[in-house]
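Shown next as structure tokens: one chain only, the form predicted alone.
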């Protein structure tokens, strides 16, 4: 479903978000105070605007209140980020996602109403650490403090066995959400589906259980 989204702050993070949302077919308004950054995004947004997003009158004149979603990507400037987030919520935007530079910034953003706070460097650091920790892990997503989703490469030990044979849910209290084989993805696989060596298993569970699965089953 096509969404109307305003992206504020067109640095590396903001421009990347803008380009990807554009490729997904959404209508984007891209805002920054830097003319060069705004000009660079003209092909990736329906509206590109040179404006100060900490100025409430400018936000109102741009009709930002008519958008359903905002991404505030001015994380390096704490004051501007907090002020912009506060004004967007006061204007009535249903969803405001904000980039934060550290934990203190994140706490302040939550207090002024941010619906979601992202720390890209922290999140990427966690994912890289898990890749370094185990070459068996293809990808890693934190769901909460205790639960995660991981993508694991099936070893020879798991090859030519069904999900019933592997008994992952009973032995490790984890759920296999999907099996990827080359370009094919088997969503919600059946218990009698076969696993081949090199398949990528997408598994959800408690972090401790996922670690046990990785150490013992692979």
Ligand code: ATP
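This is a predicted model, so every value here is computed, not measured. Numbering follows the first chain given and starts at 1.
Omitted here: the form predicted together with the ligand. The next part is about that form.
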Heavy atom contact within 4.5 Å of the ligand in the model of the complex, the stretch among 183-191, 145-153, 48-56, 158-166: 48-56
field: Contact of residue 198 with the ligand in the model of the complex (heavy atom, 4.5 Å)
entry: no
Distance check, residue 139 to the ligand in the model of the complex, heavy atom within 4.5 Å: no
- request: Answer with yes or no whether residue 80 is in contact with the ligand in the model of the complex, where contact means some heavy atom within 4.5 Å.
  value: yes
message: Is residue 10 near the ligand? Define near as a heavy atom within 4.5 Å, in the model of the complex.
response: yes
- line: The one option of 74, 71, 88, 109 with any heavy atom within 4.5 Å of the ligand in the model of the complex is 74
- request: For the heavy atom contacts within 4.5 Å of the ligand in the model of the complex, list the residues of 81-105 involved, in sequence order.
  value: 99
